[in-house]
Ligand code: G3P
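First comes one chain, alone, set out as structure tokens in the form predicted alone.
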Amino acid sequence: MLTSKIMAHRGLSSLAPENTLSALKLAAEQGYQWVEIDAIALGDGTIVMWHDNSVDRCSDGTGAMSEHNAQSIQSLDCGSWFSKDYQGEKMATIEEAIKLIQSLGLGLNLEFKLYENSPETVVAPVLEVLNKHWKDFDKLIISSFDLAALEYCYQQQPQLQLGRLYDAISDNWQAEMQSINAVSCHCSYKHLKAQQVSDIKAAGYEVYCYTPNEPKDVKDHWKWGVNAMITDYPQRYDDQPEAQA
């Protein structure tokens, strides 16, 4: 499982544009061992490393992801919105991202976002890419807010390590996690309670929190037994004893 208590959220997204190859490279260069990225489908079925269901926020283009394809995204500048230093940064396919992450020796928390798509559309092609390029399956966790995506993963490849994502943890968390043989529960640090951590860990699962960007906000969470933080600012945790593996 984890070799670090800190994951760089969408790559090192505080210092480079999120979910880009540059953000992944920078995370590795600065010594972070795990990254979290998102996988989403374009209109032609191409799977890319991207978070939103449109290109508006993190590129110079407009439109829903379903309106774009492998050709149209080549014209998008996905870096200038962040900094002129990243002008011309391209949207990466999930295959490009996975190959790079594997070559860098990083652990990967891969989040599926289905939006209006089916698991067959989004998850199936990514599993093919992973089977082709990924070697370190002990350093791979697949997570999603979409239970259907995780159910598909479990049906197709039950050996995969799965993490159930929540905003606030649902009352039926244990049944959901048992149904997919999950290894971890991922949730917002803002809604997490000490008793929930205790219950989840007693049931045999690890607990990861997103996205605490100020270490002071999760001082208590470490004491509760949270296993890892998924953050835009891993560098702020470098001198925090609680965050050291």
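Since we're looking at a predicted model, the values are computed, not measured. Numbering starts at 1 and runs along the sequence shown.
One more form of this protein, predicted in complex with this ligand, exists but is not displayed; see below.
Pick from 92, 142, 123, 165: which has a non-hydrogen atom within 4.5 Å of this ligand in the predicted bound form?
It is 165 that has a heavy atom within 4.5 Å of the partner.
Taking heavy atoms only, is residue 99 within 4.5 angstroms of this ligand in the predicted bound form?
Residue-level check for residue 99: no, no contact with this ligand.
Although this ligand is absent from this view, report whether residue 32 comes within 4.5 Å of it in the predicted bound form, heavy atoms only.
Close contact is absent here: in the predicted bound form, residue 32 is far from this ligand, nothing within 4.5 Å, heavy atoms only.
State yes or no: in the predicted bound form, is some non-hydrogen atom of residue 201 no more than 4.5 angstroms from a non-hydrogen atom of this ligand?
Because no heavy atom of residue 201 falls inside 4.5 Å of this ligand in the predicted bound form, the answer is no.
If you check in the predicted bound form, is residue 226 within 4.5 Å of this ligand, heavy atoms only?
Answer no; every heavy atom of residue 226 is more than 4.5 Å from this ligand in the predicted bound form.
Which single stretch, out of 171 to 179, 84 to 92, 107 to 115, 68 to 76, brings residue heavy atoms within 4.5 Å of this ligand in the predicted bound form?
Stretch 107 to 115 is the one.
Residues of 19 to 41 having any heavy atom within 4.5 Å of this ligand in the predicted bound form, listed in sequence order:
Contacts from 19 to 41: 36, 38.
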